[in-house]
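Only one chain is shown below, in structure tokens, and it's the form predicted alone.
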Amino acid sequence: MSVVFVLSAPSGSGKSTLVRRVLDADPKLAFSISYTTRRPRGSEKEGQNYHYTDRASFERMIANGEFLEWAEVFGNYYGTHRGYLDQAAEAGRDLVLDIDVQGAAQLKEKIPDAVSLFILAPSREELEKRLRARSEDAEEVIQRRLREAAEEIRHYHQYDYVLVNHEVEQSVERLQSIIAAERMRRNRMEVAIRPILESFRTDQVRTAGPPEK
């Protein structure tokens, strides 16, 4: 069974960078690319940033129960297709999801064992600095993202872990440690331990000898 890692963060917190770094370093991780009805922005590419689809197709997938979670944000749909989880399980890989607070809450209802992580910038000032450094958004968009961040942060207690992203290298190491620890405590440990236990049982039978007459 795949371990599902759900990562959420206010825009500008550095989540995408952390996700990319852990995925590049860990071949046992797979990434779920969300579906959306919004148009591509800038250099975004189909199948790399999102799967872009029309509203009618998205609503048809909703009706067919194809999404683990979905939401409508500013007039556009976003959703996580359950096919990614099936593919990860078949390949023996764990799955990383990059979704918002609303989607994370939905997904935890369907997959209670999912591991949720909330990533934060160290302060509002630092978050605004990072948003402006991207040079992607108009002033009104930056202010909207800051207001959204204030609302999203209130949900931090719903997550299993909170990671404050002071510095990328340190945060990558901490994220990798969380992933390693969660893997260790999951059912997959039973797979590793079972042959060891069996070896002791075999040894007990071998050393016990024939019963006394």
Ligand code: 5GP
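In this text, residue numbers run from 1 along the sequence as written. Predicted model, so just to flag it, every value in this text is computed and none were measured.
The form predicted in complex with the ligand is left out here; the points below concern that form.
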- Item | Contact residue in the predicted complex, chosen from Leu131, Leu120, Ile99, Leu85 - any heavy atom within 4.5 Å of the ligand | Ile99
- Item | Heavy atom within 4.5 Å of the ligand in the predicted complex - the one residue of Arg41, Arg185, Arg60, Arg154 that qualifies | Arg41
- Task: Quick one: find which of 156 to 164, 22 to 30, 171 to 179, 65 to 73 has residues within 4.5 Å of the ligand in the predicted complex by heavy atom distance.
- Result: 65 to 73
- Task: Mark Ser116 yes when one of its heavy atoms lies within 4.5 Å of a heavy atom of the ligand in the predicted complex, and no otherwise.
- Result: no
- Along 110 to 138, which positions have a non-hydrogen atom within 4.5 Å of the ligand in the predicted complex? none
